[in-house]
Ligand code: F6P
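Only one chain is included here, represented as structure tokens and corresponding to the form predicted on its own.
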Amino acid sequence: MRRIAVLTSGGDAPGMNAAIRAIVKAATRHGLEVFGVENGYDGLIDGRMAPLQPREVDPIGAFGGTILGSARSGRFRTEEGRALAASHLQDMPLIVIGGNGSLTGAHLLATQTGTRVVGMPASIDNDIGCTGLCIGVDTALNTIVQATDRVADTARAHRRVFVIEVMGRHCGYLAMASAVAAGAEACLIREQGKAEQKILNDLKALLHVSLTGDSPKRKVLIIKAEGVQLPTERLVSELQAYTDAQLGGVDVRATVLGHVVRGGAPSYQDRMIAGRLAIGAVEALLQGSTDRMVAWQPWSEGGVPTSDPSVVLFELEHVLRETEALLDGTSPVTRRRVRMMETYEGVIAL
């Protein structure tokens, strides 16, 4: 093995560039040349790749996004597309940095074309099986907490209720973690499985307790994951109608953080995790591994240890199975998260 390729795929995550940098440096140390694939699997199908040099990638670890670009590829969903993608690698092993869809593509590439592939989990939603954290999660949480702190300042100044919507279509990890860290009064996540009326009743009760009595609060923050079926606009409208009728018209406002959560320079933790996972991925390829993912401080058993005690190799099939369980609620990790949130709910509301 004299060359390896790397691509980033799916939603971008802060720390992807730090991972690319570390891959290039680790590979160069072993005398390997690294080729960067442009625009994910779509670029691989078109054979768009170029060599990456250590000096060229040295500054990119501080940048958000991904210098290689990312794109969804309908063509890669076909066997013909995957065969064409593999043909451009010319027996080069591949490192795939991305989320669930990207790792599914890596698994198919390995099993259907014989390409040697190692995956790295990068998803701000922290919704990948087997790994304790994904690349991008810490930076996204820091962004949410900083934004929430600023919203809290203006909420106190005007005695307002704010609903802050954060990313997390299928996984509410960002909402859960940021609600605890930012001291929100409530957190709404899809995994709770609450019906719309139950959500509204619980929040109205919370507003009544928080905004009345001897020492009413000057702010109420409700952090909501985008995956909750109750739309934020309707939630705000319902709560505003309640405060108008029952609480003297306290304003209820919404802030949708959206894609701002994806951007920004990666934190120390994301750079460190990206770097150590990257070294683990390169070493895994050198040792002949394929169809595996490097995981950070995994919560799942059955992995293969590496020279780094925090980095463990898992078969991609196992990772994808655990990811499905994480998202459909059958994973013990999901159940544990929901129980933990139920415990915290009574505390953060005070």
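One rule holds for the numbers: they count along the sequence shown, beginning at 1. What you see is a predicted model; the values in this text were computed from it and never measured.
If you look for the form predicted together with this ligand, you will not find it shown, but the lines that follow are about it.
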May I ask you to choose, among V96, C130, I124, I164, the residue with a heavy atom within 4.5 Å of this ligand in the model of the complex?
I124
Interface check vs this ligand in the model of the complex: of H259, R150, K198, H158, the one with a heavy atom inside 4.5 Å is H259
Tell me the stretch among 259-267, 102-110, 209-217, 85-93 that has any heavy atom within 4.5 angstroms of this ligand in the model of the complex.
259-267
Is there a non-hydrogen atom of R169 within 4.5 angstroms of a non-hydrogen atom of this ligand in the model of the complex?
yes
Hey, in the model of the complex, does K204 get a heavy atom within 4.5 angstroms of this ligand?
no
Contact of R72 with this ligand in the model of the complex (heavy atom, 4.5 Å)
yes
Given that the partner is absent here, does E226 sit within 4.5 Å of this ligand in the model of the complex, heavy atoms only?
yes
